[in-house]
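Taking the form predicted on its own, here's one chain by itself in structure tokens.
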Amino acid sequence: MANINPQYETIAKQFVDFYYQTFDADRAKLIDLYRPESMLTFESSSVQGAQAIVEKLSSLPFQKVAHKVGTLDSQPNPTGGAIILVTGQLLVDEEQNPMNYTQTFQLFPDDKGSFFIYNDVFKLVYG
């Protein structure tokens, strides 16, 4: 039986705000949002596990980053979590021209009444 969370849109908005604020300030602090079974696919390269994901994000070749969310769509998933699709723009370091991106998150509930990222797929959009 599906466990649909009627608050999925609120959960998605709060999560996205928190995720990008944390990412832009200190990527290493994202580790608590992932679990050993979590997977990140970043520009077609996949890693699994919280530690490996944060190492990948921390090794990206920029110091400063600012995400600007353009759209956020979400749907409930049968675990009580949500799947979230974000499109937006990001500025890195001193670059003046923003890059377009899309990112999809699948959130699962944890045993503490919160949520963790089970799937995270990021892609720059060229063109």
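For every residue, the number given is its place in the sequence shown, counted from 1. Given the structure is predicted, the values throughout are model-derived calculations rather than measurements.
There is another form of this protein, the form predicted together with a further copy of the same chain, and it is not shown here; the text below is about that form.
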Legend entry - Triple contact flag 106, 121 and 126 to a further copy of the same chain in the predicted bound form, non-hydrogen atom at 4.5 angstroms: yes
Inset, instruction - Only one of 58, 44, 51, 63 comes within 4.5 Å of a further copy of the same chain in the predicted bound form by heavy atoms, so just point that one out. - result: 44
Inset, instruction - Answer with one of 39, 91, 69, 30: the residue that has a non-hydrogen atom within 4.5 Å of a further copy of the same chain in the predicted bound form. - result: 39
Legend entry - Partner proximity in the predicted bound form: residue 73 to a further copy of the same chain, non-hydrogen atom cutoff 4.5 Å: yes
